[in-house]
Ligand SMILES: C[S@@+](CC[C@H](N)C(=O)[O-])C[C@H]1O[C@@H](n2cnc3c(N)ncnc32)[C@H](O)[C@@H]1O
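Starting off, we have a lone chain in the form predicted on its own, written out as structure tokens.
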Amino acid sequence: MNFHIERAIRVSRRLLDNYAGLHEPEEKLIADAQLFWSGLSNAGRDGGPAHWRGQSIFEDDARWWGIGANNLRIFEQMAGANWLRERPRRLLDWGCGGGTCAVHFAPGAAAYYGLDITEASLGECERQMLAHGLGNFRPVLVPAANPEQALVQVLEPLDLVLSTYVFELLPSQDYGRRVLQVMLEMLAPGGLAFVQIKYTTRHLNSRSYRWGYAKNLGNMTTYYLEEFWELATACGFTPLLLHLEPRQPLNNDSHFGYFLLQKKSE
């Protein structure tokens, strides 16, 4: 089929489904997500969607390095330039992928837990950290169907949980709530969560797709900004700050919102 015709059909289907609120079952989306990301470990599959160095758009090494550096820049603007260096911190990277954040956030950390749903990404993240002289990596393999399993693998309280370019890939807002609740439980009192989402605008095609995971993963789940703020509050976080990136040229995408959340001190 002609590429332009196929794209027009896909866009039309997306708009119609979003307008009608038609979505695939949660269980199917979770299974499809696990299948898609596990497939990256097979020979010949492109690890670019998981931000693997040297793959897809990250053949340009400046892009790969810049994505993580940009996330660190935003975090330091929100939490303070010295927050990570005040003392050795225990960090968890939810959806660590190919280590773009790890190589920037892990230096000086007491422990850097990388959580992912595939062994391939955990292995790639560890390779990149070792290549940068970082030996504090702790892999956490959690199946997509059970994010709560992280609670039995990480037994020490954390100072920071970060998650970037992940929440838009989650199967649903309900699943996002589950992840936030796990994050809250893993944090020490006063600990921080640094979470990036894709935000919904007035345009229909910015809403959550929730169908065709492999085709639409980049917009699988989106939120209105106030909606995510209220969700984080309902889960028990205190939202502190919000930073917006309407356009991000490093990954050719848009509508990113970065939230700094805090677990209440006891």
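Note that residue numbering begins at 1 and tracks the sequence as displayed. Computed from a predicted structure; not experimentally measured.
Beyond what is shown, the protein has a form predicted in complex with the named molecule; the following relates to that form.
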{"query": "Which of 78-86, 129-137, 184-192, 93-101 lines the interface with the named molecule in the predicted complex (heavy atom within 4.5 Å)", "finding": "93-101"}
{"query": "Contact at W37, H51 and I117 by the named molecule in the predicted complex, all three, heavy atom at most 4.5 Å", "finding": "yes"}
{"query": "Contact test in the predicted complex: F105 vs the named molecule, heavy atoms, 4.5 Å", "finding": "no"}
{"query": "Partner contact for Y113 in the predicted complex: the named molecule, 4.5 angstroms, heavy atom", "finding": "no"}
{"query": "Any non-hydrogen atom of L169 within 4.5 angstroms of the named molecule in the predicted complex", "finding": "yes"}
{"query": "Partner proximity in the predicted complex: N71 to the named molecule, non-hydrogen atom cutoff 4.5 Å", "finding": "yes"}
{"query": "Interface residues of 233-266 toward the named molecule, as seen in the predicted complex [heavy atoms, 4.5 Å]", "finding": "none"}
